[in-house]
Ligand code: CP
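Here you get one chain, nothing else, as structure tokens; it is the form predicted alone.
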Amino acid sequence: MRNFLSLRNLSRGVIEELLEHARHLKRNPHSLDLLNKVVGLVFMNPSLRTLASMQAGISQLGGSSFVIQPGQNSWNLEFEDGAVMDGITVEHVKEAIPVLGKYCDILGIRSFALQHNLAEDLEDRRMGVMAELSPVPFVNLESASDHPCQALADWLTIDECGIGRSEKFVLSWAFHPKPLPFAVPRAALSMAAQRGMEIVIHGPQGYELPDQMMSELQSFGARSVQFETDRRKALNGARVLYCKSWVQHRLYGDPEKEMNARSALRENWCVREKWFEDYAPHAKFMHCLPVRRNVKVEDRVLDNDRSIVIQQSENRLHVQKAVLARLAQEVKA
């Protein structure tokens, strides 16, 4: 494994090895897997869990790190070929990424979707370009359309809860005051598909996922995949209810129309404890965090024992350490 870009690029065997090593590291937090190694972290977008868990994990593995935040503690970066750089961008990724790779042994980057072009974001072109430019092993810390560290942590968390790999996984849309891209939904669904789960995407009409995302879920081994607007049908028998918001793909790149389209959905699409009481009493609640309380999810859900959001966040630390330890083997080679 030279890079960690997506679970979709990994074999089941590699995923299982990472999960097993994460379990080992959870029991035995400290090792020398990164002894004398430096991990470079580039955050083009805000972070709490990813930044903290990466730096903590690197330290626990005996390594060190530096953090670059373009536009805050370093220059704004340019990505486009042929760009005339007479504006706010001062440095091109063609120089920045290779240079950073000379200062570290592993490079991790977070770069969210621009939400201008759906096809380009689903292709994850920016993250792919940076991975190709990197002279050292590379970690995707969330990109335009994937969040593999979160997906691996979610897989570990579901396993820990004793939820079978063929049981029902519901990804429910929830209201959010701004349109969000497909990174976490795609990562979570890819994870559930690779586990072989029965997948239901629950949302209001118009929030169906792009055809490309739906078709790939079948190819990854999902037991079944469907979109369902009816809450009772969607949640009945669910063992996991994973909440996230995403943009209407037909309105991608037009936030004003998107917000007009969702304006009437706020009250009915805040996840409530009654959803579980009425339809899914045995389901665990999952969310990648941060979450807007009483906008996306009411307090009663998050403060209930069914919520495993803290466990998910803790497991970010352990799976990322497993990924870094695996990539460190490439450095030695």
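Numbering starts at 1 and follows the sequence shown. Given the structure is predicted, the values throughout are model-derived calculations rather than measurements.
Another form exists, predicted together with the named molecule; not displayed. Remarks below refer to it.
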L35: touches the named molecule in the model of the complex, heavy atom cutoff 4.5 angstroms:
no
Wondering, does H318 line up within 4.5 Å of the named molecule in the model of the complex on heavy atoms?
no
Within a 4.5 Å heavy atom cut-off, is R266 in contact with the named molecule in the model of the complex?
no
Taking heavy atoms and a 4.5 Å cut-off, does L289 contact the named molecule in the model of the complex?
yes
Just one of Q55, S47, S31, Q69 has a heavy atom within 4.5 Å of the named molecule in the model of the complex. Which one?
S47
Segment assignment from 200-208, 142-150, 126-134, 160-168: heavy atom within 4.5 Å of the named molecule in the model of the complex:
142-150
